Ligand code: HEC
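First, one chain by itself in C-alpha coordinates, the form predicted alone.
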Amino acid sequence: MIFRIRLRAGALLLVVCGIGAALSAGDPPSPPSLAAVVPAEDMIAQVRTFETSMKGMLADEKTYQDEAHKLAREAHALAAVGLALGLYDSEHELKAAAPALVESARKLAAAKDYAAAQAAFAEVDAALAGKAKNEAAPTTKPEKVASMGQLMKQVTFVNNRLKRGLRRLGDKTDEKARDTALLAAIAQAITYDTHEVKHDEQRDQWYRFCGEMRDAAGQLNAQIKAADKQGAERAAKRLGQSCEACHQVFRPEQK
(Lines give C-alpha, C1' and ligand atoms only; values in the text may rest on other atoms or scores of the structure.)
Protein backbone atom coordinates (compact mmCIF):
# COMPACT_ATOMS: atom_id res chain seq x y z
CA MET A 1 0.00 0.00 0.00
CA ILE A 2 1.14 3.55 -0.57
CA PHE A 3 1.51 5.23 2.82
CA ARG A 4 4.86 3.65 3.84
CA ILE A 5 5.23 4.84 7.41
CA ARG A 6 6.38 3.10 10.60
CA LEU A 7 3.82 1.81 13.10
CA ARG A 8 2.84 3.82 16.16
CA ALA A 9 1.30 2.07 19.14
CA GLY A 10 -2.40 2.59 19.76
CA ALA A 11 -5.53 1.01 21.14
CA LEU A 12 -8.05 2.55 18.75
CA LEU A 13 -9.63 -0.77 17.81
CA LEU A 14 -10.49 -1.64 21.40
CA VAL A 15 -11.87 1.83 22.05
CA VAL A 16 -14.04 2.06 18.95
CA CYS A 17 -15.24 -1.52 18.83
CA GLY A 18 -15.77 -2.02 22.52
CA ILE A 19 -14.47 -5.56 22.26
CA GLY A 20 -13.62 -5.87 25.94
CA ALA A 21 -12.38 -9.02 27.59
CA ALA A 22 -15.38 -11.19 26.82
CA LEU A 23 -13.91 -12.63 23.63
CA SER A 24 -11.72 -15.67 23.73
CA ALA A 25 -8.30 -15.37 22.13
CA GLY A 26 -8.59 -16.07 18.45
CA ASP A 27 -12.29 -15.24 18.10
CA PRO A 28 -13.10 -12.59 15.47
CA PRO A 29 -14.26 -9.38 17.12
CA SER A 30 -17.94 -8.58 16.96
CA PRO A 31 -18.75 -6.09 14.19
CA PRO A 32 -18.31 -2.56 15.54
CA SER A 33 -20.79 0.27 15.28
CA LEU A 34 -20.12 0.83 11.60
CA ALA A 35 -22.42 3.84 11.57
CA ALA A 36 -19.88 5.51 13.87
CA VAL A 37 -17.06 4.68 11.46
CA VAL A 38 -18.48 5.70 8.07
CA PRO A 39 -21.97 6.94 7.15
CA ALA A 40 -23.96 4.25 5.36
CA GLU A 41 -24.82 6.68 2.59
CA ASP A 42 -21.16 6.81 1.53
CA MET A 43 -21.05 3.04 1.15
CA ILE A 44 -24.37 3.09 -0.68
CA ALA A 45 -22.97 5.73 -3.02
CA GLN A 46 -20.03 3.40 -3.70
CA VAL A 47 -22.45 0.57 -4.49
CA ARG A 48 -24.23 2.79 -7.01
CA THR A 49 -20.88 3.78 -8.53
CA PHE A 50 -19.97 0.12 -8.96
CA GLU A 51 -23.38 -0.58 -10.45
CA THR A 52 -22.90 2.09 -13.12
CA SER A 53 -19.32 1.02 -13.83
CA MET A 54 -20.26 -2.65 -14.15
CA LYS A 55 -23.14 -1.89 -16.46
CA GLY A 56 -20.73 -0.13 -18.79
CA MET A 57 -18.28 -3.04 -18.68
CA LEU A 58 -21.09 -5.40 -19.67
CA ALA A 59 -22.35 -3.23 -22.53
CA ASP A 60 -21.27 -5.87 -25.07
CA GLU A 61 -19.09 -8.95 -25.19
CA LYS A 62 -16.06 -7.12 -26.62
CA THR A 63 -16.13 -4.58 -23.80
CA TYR A 64 -16.54 -7.39 -21.28
CA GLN A 65 -13.51 -9.23 -22.66
CA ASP A 66 -11.44 -6.05 -22.40
CA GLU A 67 -12.63 -5.20 -18.89
CA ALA A 68 -13.16 -8.64 -17.32
CA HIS A 69 -10.23 -8.23 -14.92
CA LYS A 70 -11.57 -4.91 -13.67
CA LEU A 71 -15.10 -6.26 -13.43
CA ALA A 72 -13.90 -9.15 -11.26
CA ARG A 73 -11.98 -6.79 -8.99
CA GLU A 74 -14.99 -4.52 -8.56
CA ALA A 75 -17.31 -7.48 -7.96
CA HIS A 76 -15.13 -8.68 -5.08
CA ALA A 77 -15.10 -5.15 -3.67
CA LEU A 78 -18.89 -4.92 -4.08
CA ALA A 79 -19.27 -8.09 -2.02
CA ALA A 80 -17.16 -6.48 0.72
CA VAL A 81 -19.31 -3.34 0.72
CA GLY A 82 -22.46 -5.47 0.74
CA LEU A 83 -21.15 -7.31 3.78
CA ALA A 84 -20.47 -4.06 5.60
CA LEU A 85 -23.92 -2.71 4.75
CA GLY A 86 -25.48 -5.86 6.12
CA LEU A 87 -23.50 -5.55 9.35
CA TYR A 88 -24.51 -1.93 10.00
CA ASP A 89 -26.12 -1.44 13.38
CA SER A 90 -28.40 1.25 11.94
CA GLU A 91 -31.11 1.04 9.33
CA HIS A 92 -30.46 2.27 5.79
CA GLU A 93 -31.98 1.81 2.37
CA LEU A 94 -29.95 -1.30 1.46
CA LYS A 95 -29.96 -3.09 4.83
CA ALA A 96 -32.58 -5.64 3.77
CA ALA A 97 -31.00 -6.08 0.34
CA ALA A 98 -27.48 -6.66 1.68
CA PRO A 99 -27.54 -10.50 1.89
CA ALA A 100 -28.77 -10.81 -1.70
CA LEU A 101 -26.28 -8.16 -2.81
CA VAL A 102 -23.39 -10.11 -1.29
CA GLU A 103 -24.55 -13.36 -2.89
CA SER A 104 -25.03 -11.84 -6.35
CA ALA A 105 -21.72 -9.94 -6.19
CA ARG A 106 -19.94 -13.19 -5.38
CA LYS A 107 -21.56 -14.85 -8.39
CA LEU A 108 -20.42 -11.97 -10.56
CA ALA A 109 -16.88 -12.25 -9.19
CA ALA A 110 -16.87 -15.96 -10.08
CA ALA A 111 -18.30 -15.54 -13.60
CA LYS A 112 -16.08 -17.05 -16.29
CA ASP A 113 -17.80 -15.75 -19.42
CA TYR A 114 -20.01 -12.96 -20.70
CA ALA A 115 -23.29 -14.84 -20.31
CA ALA A 116 -22.56 -15.77 -16.71
CA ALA A 117 -21.47 -12.23 -15.91
CA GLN A 118 -24.65 -10.80 -17.44
CA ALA A 119 -26.81 -13.20 -15.45
CA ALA A 120 -25.00 -12.40 -12.22
CA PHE A 121 -25.21 -8.66 -12.83
CA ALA A 122 -28.95 -9.02 -13.38
CA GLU A 123 -29.11 -10.51 -9.89
CA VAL A 124 -27.09 -7.56 -8.54
CA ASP A 125 -29.60 -5.19 -10.12
CA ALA A 126 -32.50 -7.19 -8.70
CA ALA A 127 -30.97 -7.12 -5.22
CA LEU A 128 -30.51 -3.36 -5.38
CA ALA A 129 -34.09 -2.94 -6.56
CA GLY A 130 -35.37 -5.11 -3.71
CA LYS A 131 -36.53 -7.78 -6.14
CA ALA A 132 -34.07 -10.56 -5.37
CA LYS A 133 -35.28 -14.14 -5.15
CA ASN A 134 -35.58 -15.43 -1.60
CA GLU A 135 -32.45 -17.56 -1.87
CA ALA A 136 -30.07 -15.44 0.18
CA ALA A 137 -29.83 -15.74 3.94
CA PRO A 138 -32.24 -13.36 5.75
CA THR A 139 -29.35 -11.75 7.63
CA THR A 140 -25.73 -11.03 6.82
CA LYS A 141 -23.23 -13.43 8.34
CA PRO A 142 -19.76 -12.14 9.26
CA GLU A 143 -17.62 -14.32 7.02
CA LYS A 144 -15.15 -14.27 4.16
CA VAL A 145 -16.95 -13.00 1.05
CA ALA A 146 -14.19 -12.06 -1.39
CA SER A 147 -10.66 -12.82 -2.56
CA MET A 148 -7.98 -11.14 -0.48
CA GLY A 149 -5.84 -10.67 -3.59
CA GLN A 150 -8.62 -8.93 -5.51
CA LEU A 151 -9.50 -6.74 -2.54
CA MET A 152 -5.88 -5.68 -2.15
CA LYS A 153 -5.76 -4.72 -5.82
CA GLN A 154 -8.75 -2.48 -5.18
CA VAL A 155 -7.07 -1.04 -2.07
CA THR A 156 -3.96 -0.16 -4.10
CA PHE A 157 -6.06 1.52 -6.79
CA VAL A 158 -8.07 3.54 -4.24
CA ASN A 159 -5.02 4.45 -2.14
CA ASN A 160 -3.24 5.85 -5.16
CA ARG A 161 -6.25 7.96 -6.09
CA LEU A 162 -6.64 9.20 -2.51
CA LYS A 163 -2.98 10.15 -2.27
CA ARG A 164 -3.35 12.32 -5.37
CA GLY A 165 -6.67 13.70 -4.16
CA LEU A 166 -5.38 14.84 -0.78
CA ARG A 167 -3.23 17.41 -2.56
CA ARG A 168 -6.46 19.24 -3.42
CA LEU A 169 -8.71 18.38 -0.51
CA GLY A 170 -11.73 20.37 -1.65
CA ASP A 171 -11.99 18.70 -5.06
CA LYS A 172 -14.11 15.60 -5.70
CA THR A 173 -15.18 15.30 -2.07
CA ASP A 174 -17.91 12.80 -2.94
CA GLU A 175 -15.38 10.54 -4.68
CA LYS A 176 -13.05 10.69 -1.68
CA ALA A 177 -15.94 9.89 0.66
CA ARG A 178 -16.77 6.82 -1.42
CA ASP A 179 -13.13 5.77 -1.56
CA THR A 180 -12.64 5.97 2.20
CA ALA A 181 -15.92 4.14 2.78
CA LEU A 182 -14.73 1.40 0.44
CA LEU A 183 -11.44 1.06 2.32
CA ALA A 184 -13.36 0.74 5.59
CA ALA A 185 -15.60 -1.94 4.08
CA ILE A 186 -12.63 -3.89 2.74
CA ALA A 187 -10.90 -3.72 6.12
CA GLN A 188 -14.02 -5.13 7.77
CA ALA A 189 -14.29 -7.86 5.14
CA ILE A 190 -10.70 -9.06 5.44
CA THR A 191 -11.15 -9.44 9.19
CA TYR A 192 -12.84 -12.75 8.38
CA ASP A 193 -10.15 -13.99 5.98
CA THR A 194 -7.31 -15.21 8.16
CA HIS A 195 -5.47 -17.37 5.63
CA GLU A 196 -2.35 -15.20 6.09
CA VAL A 197 -2.26 -16.10 9.80
CA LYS A 198 0.25 -18.92 10.16
CA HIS A 199 0.22 -19.17 13.96
CA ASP A 200 -2.77 -19.04 16.29
CA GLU A 201 -1.11 -16.46 18.52
CA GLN A 202 -1.10 -14.03 15.56
CA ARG A 203 -4.84 -14.18 15.04
CA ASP A 204 -5.71 -11.36 17.42
CA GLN A 205 -2.96 -9.28 15.84
CA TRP A 206 -4.60 -9.76 12.45
CA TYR A 207 -7.94 -8.58 13.82
CA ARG A 208 -6.25 -5.53 15.36
CA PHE A 209 -4.58 -4.51 12.11
CA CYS A 210 -7.86 -4.86 10.20
CA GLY A 211 -9.66 -2.75 12.80
CA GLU A 212 -6.99 -0.08 12.71
CA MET A 213 -7.22 0.12 8.92
CA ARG A 214 -11.03 0.36 9.07
CA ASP A 215 -11.06 3.02 11.76
CA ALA A 216 -8.35 5.11 10.10
CA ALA A 217 -10.33 5.02 6.85
CA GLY A 218 -13.35 6.25 8.80
CA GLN A 219 -11.32 9.07 10.34
CA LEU A 220 -10.03 10.06 6.91
CA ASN A 221 -13.62 10.08 5.65
CA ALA A 222 -14.64 12.49 8.42
CA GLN A 223 -11.64 14.79 8.01
CA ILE A 224 -12.14 15.04 4.26
CA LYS A 225 -15.75 16.06 4.80
CA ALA A 226 -14.65 18.61 7.38
CA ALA A 227 -12.13 19.99 4.84
CA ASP A 228 -9.47 19.63 7.54
CA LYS A 229 -6.25 19.18 5.59
CA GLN A 230 -4.04 18.56 8.61
CA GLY A 231 -6.58 16.17 10.10
CA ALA A 232 -6.83 14.34 6.78
CA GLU A 233 -3.06 14.05 6.57
CA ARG A 234 -2.92 12.60 10.09
CA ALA A 235 -5.67 10.10 9.28
CA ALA A 236 -3.94 9.13 6.04
CA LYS A 237 -0.75 8.58 8.03
CA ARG A 238 -2.58 6.31 10.47
CA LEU A 239 -4.07 4.43 7.55
CA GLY A 240 -0.64 3.91 6.08
CA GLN A 241 0.75 2.78 9.42
CA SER A 242 -1.90 0.10 9.76
CA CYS A 243 -1.11 -1.23 6.30
CA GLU A 244 2.65 -1.09 6.77
CA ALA A 245 2.51 -2.79 10.16
CA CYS A 246 0.33 -5.58 8.79
CA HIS A 247 2.69 -6.15 5.86
CA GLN A 248 5.68 -6.27 8.19
CA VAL A 249 4.13 -9.14 10.12
CA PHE A 250 2.16 -11.07 7.51
CA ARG A 251 3.80 -10.22 4.17
CA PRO A 252 7.37 -9.19 4.99
CA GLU A 253 8.51 -10.13 1.47
CA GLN A 254 6.43 -7.20 0.15
CA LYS A 255 8.07 -4.56 2.36
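Just count from 1 along the sequence shown to find any residue number. These numbers come from a predicted model, not from an experiment.
FYI, the form predicted in complex with the ligand isn't displayed, but the following is about it.
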*Among 107-115, 124-132, 80-88, 145-153, which stretch sits within 4.5 Å of the ligand in the model of the complex, heavy atoms only?*
145-153
*Are any of the heavy atoms in residue 246 no more than 4.5 Å from a heavy atom of the ligand in the model of the complex?*
yes
_Residue contact check: residue 209 to the ligand in the model of the complex, 4.5 Å heavy atom_ = yes
*Evaluate residue 213 for contact with the ligand in the model of the complex, applying a 4.5 angstroms cut-off between non-hydrogen atoms, and reply yes or no.*
yes
*asked:* How about residue 54 - does it come within 4.5 Å of the ligand in the model of the complex, if we only consider non-hydrogen atoms?
replied: no
*asked:* Can you confirm whether 190, 242 and 251, the three residues that make up this candidate site, all sit within 4.5 Å of the ligand in the model of the complex, judged by heavy atoms?
replied: yes
*27, 61, 196, 200: which sits within 4.5 Å of the ligand in the model of the complex by any heavy atom?*
196
